[in-house]
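In the structure tokens that follow, a single protein chain appears in two forms: structure 1, then structure 2.
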Structure 1
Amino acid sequence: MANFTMGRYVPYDSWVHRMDPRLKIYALIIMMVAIFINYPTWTMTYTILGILFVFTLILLWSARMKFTSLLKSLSGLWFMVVFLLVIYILVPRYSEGNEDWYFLIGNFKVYWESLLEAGKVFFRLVVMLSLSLVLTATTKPLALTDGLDWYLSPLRWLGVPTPILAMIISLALRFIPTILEDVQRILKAQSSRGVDFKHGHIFAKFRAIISLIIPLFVSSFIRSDELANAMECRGYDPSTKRTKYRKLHFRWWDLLEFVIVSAIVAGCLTICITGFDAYSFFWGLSLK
């Protein structure tokens, strides 16, 4: 958990850091659409996800973030990969006319489509978390709050307190790494007192987890109280209209980035709607 970097701002001077936070939020949302839509074939699915992953790696490299930081943040996904494989093995998935199985585990047939489905879910999670990492690592918490408040501003006509909602969301993102650091600290403290989190039967592990959860809740409430006092000392009043020291402005390169991201997602949607298969298309051209 100490290696988890989600929610931590990394202060560098790159073009990704200088992007307008509203554009980065927009890019994250529509890229999620491109990630989770269903493509006509498995070839196109993995091709598109691979292209999006390479695009994410380019963003990480441009933001001067190390690839190892991404691997450390994704280290917790390996358990999910194994879990997905087990689920898809026990619940076979195959399409009519495509019932080729790869190998047997006892009396269970493991189908190619089950493995491909598990890989697709894992690949989607990797790309999604990578894009979220780019957003949180290259955007200051205050800028992220302003961007969220700008998107939520139409709800003010309905009486929704959008500045409060934006502040809550940004604080939640900001305190993810802090809470994980508290978990690591409490784990070490409880282990030094003789609590065993790795061995013993299930009830012993459950009691060990309780010894972790209760101090974590206490620590979180203390941090919340300290944060509330600090905000009051700085004159924060959610019931009054807030002024901003720095205002967001779109620049010409933000427009260029908007066009590039929109074009990528538009291409993905076109492939999904038309059922385009690049493999069949180029294979047909080679036969001609």
Structure 2
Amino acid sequence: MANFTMGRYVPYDSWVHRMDPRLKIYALIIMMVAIFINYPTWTMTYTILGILFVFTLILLWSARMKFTSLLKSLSGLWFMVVFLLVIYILVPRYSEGNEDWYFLIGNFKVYWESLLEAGKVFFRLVVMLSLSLVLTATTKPLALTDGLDWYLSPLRWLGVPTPILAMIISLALRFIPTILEDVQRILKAQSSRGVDFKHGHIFAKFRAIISLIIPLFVSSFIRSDELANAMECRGYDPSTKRTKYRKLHFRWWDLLEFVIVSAIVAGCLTICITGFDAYSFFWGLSLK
């Protein structure tokens, strides 16, 4: 049956796991910036994305995650690849001076630059997804919420009820595995009533999905109702200040990691802003 383990916390012990969650969130966000900004030439773009990807793989390896689990999570992207290729081939893109850089399919011009563009988008998605995967696989949902809570806390001065927001986020995260379990259980129950979730024509598929969704909603509503009651019975009051069982500590290695990540991204930003092209600067190559 379907594998829902993607994006789930995997309890190993490694320095990536031990990193401060606030730092991890910070790192993810600024790395995203580095991934999505534009670099002067496509060679530079691919080089930098390559470096970031290698960096991600190092993280992945340090966190003792398997490369195959990454591949499995990325395997859903094939649809994106086809989609991107079709779009970029149909909507030609070329910059000045590159008008003749194409090949023909029949008598339809496919510009190499379009393919490079499509490749860029795809590469960015891959790096971004792998990074997020590292974050969710190495951080306990609760630690993640604590981190988010810390970032949200300045909003309190604007009257935003941040403790409630944090509670909502942590409950939502907390219930992801429970709901996935529910999905499995209902899938099995309906399968034993003869529902086939994998085969069959579109109408049968639709019926199959309905038979999954409705019980799922019902049990989720019942669950949240019961949870709310249980919380109230135990004296939960959203308006009072909550103390924390786990306190986040920023340690010296966190500082080191902070500096490394910031330096990498700062380097990327510098290249972006100055339009520095290493290939022409060092080797005098000028690629299209």
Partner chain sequence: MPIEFSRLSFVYNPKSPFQSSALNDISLLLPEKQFIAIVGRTGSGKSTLIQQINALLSPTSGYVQIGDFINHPEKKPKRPKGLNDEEKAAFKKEERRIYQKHKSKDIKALRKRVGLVFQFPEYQLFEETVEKDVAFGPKNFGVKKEDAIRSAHEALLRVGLDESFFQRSPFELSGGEKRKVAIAGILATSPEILIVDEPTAGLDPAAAKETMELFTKIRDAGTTVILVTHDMDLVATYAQMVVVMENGRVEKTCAPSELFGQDLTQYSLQNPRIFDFALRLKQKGLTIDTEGIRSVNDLAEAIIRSKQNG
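FYI, numbering is relative to structure 1, first residue = 1. Rigid core (definition): largest C-alpha set, two forms, superposition within 1.5 Å. Predicted model, so just to flag it, every value in this text is computed and none were measured.
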{"query": "Number of the structure representing the form predicted together with its partner chain", "finding": "2"}
{"query": "Yes/no, F175 Cα shift of 2 Å or more between structures 1 and 2 with rigid core fixed", "finding": "yes"}
{"query": "C-alpha of K120 moved at least 2 Å between structures 1 and 2 on rigid core", "finding": "no"}
{"query": "Did F36 shift 2 Å or more between structures 1 and 2, C-alpha, core superposed", "finding": "no"}
{"query": "Between structures 1 and 2, how far the Cα of A166 shifts once the core is aligned, in Å", "finding": "3.0"}
{"query": "For E226, CA displacement between structures 1 and 2 after the core is overlaid, in Å", "finding": "5.6"}
